[in-house]
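Presented as C-alpha cells, the chain that follows is alone, the form predicted alone.
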Amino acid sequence: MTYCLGILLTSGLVMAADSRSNAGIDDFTSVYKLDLIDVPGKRVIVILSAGNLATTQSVITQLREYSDHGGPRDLHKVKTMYEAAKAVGDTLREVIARDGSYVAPYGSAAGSFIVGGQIAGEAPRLFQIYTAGNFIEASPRSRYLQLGETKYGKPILDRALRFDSPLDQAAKLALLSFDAAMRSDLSVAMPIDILRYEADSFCSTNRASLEKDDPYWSALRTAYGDGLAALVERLPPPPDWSA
C-alpha cells in the first residue's frame, strides 16, 4: 500500500509520498512514487502515484516518453494544469484498457494519482485522478488530497492546516501526518519523498528524501510526541461522573 499527500496553499504546494510497496506480508520493496516533470522558469508538474505498481509505472513511463518525443500528451507543452491532469487520466485509461483484462485473474490493475504544480500564466493547482481517469481539483475549502492509507494522517491536517498556512508550516504538518500513518499502519514506510514548491518560483529544488535516521525527521517526531504527552498532562481530569 502507500500514502500520498498533496497540499494546496496560497503560498504554493507541498507534495509528499512514502516508498512502501509490497506483494505479500513478507515481500516489501521501496519505490519512488513522486515523479517530477519541470521546465525551469516555466512549469513544475509533480505526480504522486498509488495502486498497482505496474499500472502506475506504465502511466509515468508513457507520459515521459510523450514528453521526451513530442507525443500527444506532452507535459512540456500542455497549457494548463487542467490539461496536465487530463493527460494523466487519459493515459491511465489507455493503460487499464490495454492491461486490465490480463491482470484481472490475479488482482486489480487500479491506479490513482495526485497531480500538482504550476504553469506560467496561472496559479498553482492540485488534482486527484481516479482509476476511471476522471478527476477532482483541490480548492481553499478542500485544500489537501490524499491517496492510499489516508485515515490516520487526516486528523492533524483537519485540525491545523489552513489555506493560508505558511509553506514550512504545511510541510511540518505533512510530515506529522506521515508519522501518524506509519505508527498505525505497517503498509506505510520510509523513505518519504517531499517537495515544497513556492508559488511563482517555477523551481523544484526544495525537495528531499527522508530516511528513518534523518536528523530532522527524528527531532520532529520526538518533539511532537513529547509535546503531546506534556499537553495531555496539563489538561484537566474528567469530573467524577458517579456523583
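All of these numbers come straight from a predicted model, not from anything done at the bench. Residue positions are given as counts along the sequence shown, with the first one as 1.
The form predicted together with a further copy of the same chain exists for this protein as well; it is not shown, and the discussion that follows is about that form.
- In summary, among the residues Tyr130, Tyr152, Phe163, Tyr82, the only one with a non-hydrogen atom within 4.5 Å of a further copy of the same chain in the predicted complex is Tyr152.
- By the 4.5 Å heavy atom rule, the three marked residues Arg196, Gly227 and Pro238 all count as contacting a further copy of the same chain in the predicted complex.
- Only one segment in the set 73 to 81, 143 to 151, 92 to 100, 121 to 129 has any non-hydrogen atom within 4.5 angstroms of a further copy of the same chain in the predicted complex, and it is 143 to 151.
- Of the heavy atoms in Arg64, none are within 4.5 Å of a further copy of the same chain in the predicted complex.
- In the predicted complex, Ala208 approaches a further copy of the same chain with a heavy atom inside 4.5 Å.
- Although the partner is absent here, Ala180 is a contact residue: one of its heavy atoms lies within 4.5 angstroms of a further copy of the same chain in the predicted complex.
- In the predicted complex, Ala110 stays away from a further copy of the same chain, with no heavy atom inside 4.5 Å.
- Residues Glu149, Lys151, Tyr152, Lys154, Pro155, Ile156, Asp158, Arg159, Asp168, Gln169, Ala171, Lys172 are the members of 133 to 172 with a non-hydrogen atom no more than 4.5 angstroms from a further copy of the same chain in the predicted complex.
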